[in-house]
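Starting off, we have a lone chain in the form predicted on its own, written out as structure tokens.
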């Protein structure tokens, strides 16, 4: 089974647009949207026949006002400032609670209990050329890295059921826990960058992370024609690092039009020059060993 991730060191490079285009070019594929904090690939791939499941990301403390003696021990011991007192009533601030359970241990009245964070969801659905797995992490809930792992596990199960050996992962931006979870155990990673100073800086960071996992690294420069000097700097650095650049995509308003209309560029304008370039990227990616 081949797992290919599309990542970027920063947001806004066009990673999801490229992921959507590559997903529609595959003959049979399982797509995993691992940007669980802000998943949006389903808006373009239009999955249906949804299966929805609850994801428990952790626990939060809840205070039973009827049992509380207002001693304030919970607030004194909480190192996350997650408990506040209002009109002699103690309340837990959900977005600040870390779920450490210390307050339940120090409460002399046993008035505090832990409840599951169960507002997050993960989904499995059909797309025209395969399956799609994605998730939605509810605001204030944590363990996004673990949710990425769950999405990837479900993608592997879907690939076995679909009898395909290809999983395409649309990863999150940055180099945090979700990106690390997206990189672990994959075969190839496509890093999408842009000709800007922040784009070059963050590409270097994500390359360093990908090298740690010893995966095959490829780079696509998106909107390369916005700055010829910075594009040249990107190419020179990739050559120095011996990282192949498998595509250079120009800025094209058609990509914007495709996104506004909820379509991948390869579906919206299949005969356009940029769709032709993306097909070349796809061919290089699946043929490159």
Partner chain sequence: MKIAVASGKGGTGKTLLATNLFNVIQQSGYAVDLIDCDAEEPNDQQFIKGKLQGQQLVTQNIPVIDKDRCTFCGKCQEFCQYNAIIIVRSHQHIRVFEDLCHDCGACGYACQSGAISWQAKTTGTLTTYEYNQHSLLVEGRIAVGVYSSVPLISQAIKGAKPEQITILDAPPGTSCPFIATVNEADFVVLVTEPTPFGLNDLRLSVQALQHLNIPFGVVINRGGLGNQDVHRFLTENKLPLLDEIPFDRRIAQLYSEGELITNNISAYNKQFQELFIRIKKQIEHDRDSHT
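Because the structure is a prediction, the values reported are computed rather than measured. Under this definition, the rigid core comprises the largest set of C-alpha atoms superposing within 1.5 Å between the forms. Positions refer to the first chain, counted from 1.
We do not show the form predicted in complex with its partner chain, though everything after this point is about it.
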| query | finding |
| --- | --- |
| Candidate stretches 198-206, 214-222, 123-131, 151-159 - the one whose heavy atoms come within 4.5 Å of its partner chain in the predicted complex | 198-206 |
| Distance check, residue 235 to its partner chain in the predicted complex, heavy atom within 4.5 Å | no |
| Its partner chain contact at residue 229 in the predicted complex, heavy atom, 4.5 Å | yes |
| 4.5 Å heavy atom contact, residue 275 and its partner chain in the predicted complex | no |
| Residue 75 within 4.5 Å of its partner chain in the predicted complex, heavy atoms | no |
| Candidate from 56, 66, 240, 38 lying within 4.5 Å of its partner chain in the predicted complex - any heavy atom | 38 |
| Proximity to its partner chain in the predicted complex, single hit among 249, 259, 29, 61 (heavy atom within 4.5 Å) | 259 |
| Any residue of 110-143 that, in the predicted complex, places a heavy atom within 4.5 Å of its partner chain | 136, 137, 139, 140, 141, 142 |
| Cα displacement of residue 74 between the shown form and the other one reaching 2 Å, rigid core superposed | yes |
| Large Cα shift (2 Å or above) at residue 139 between the shown form and the other one, core-fitted | no |
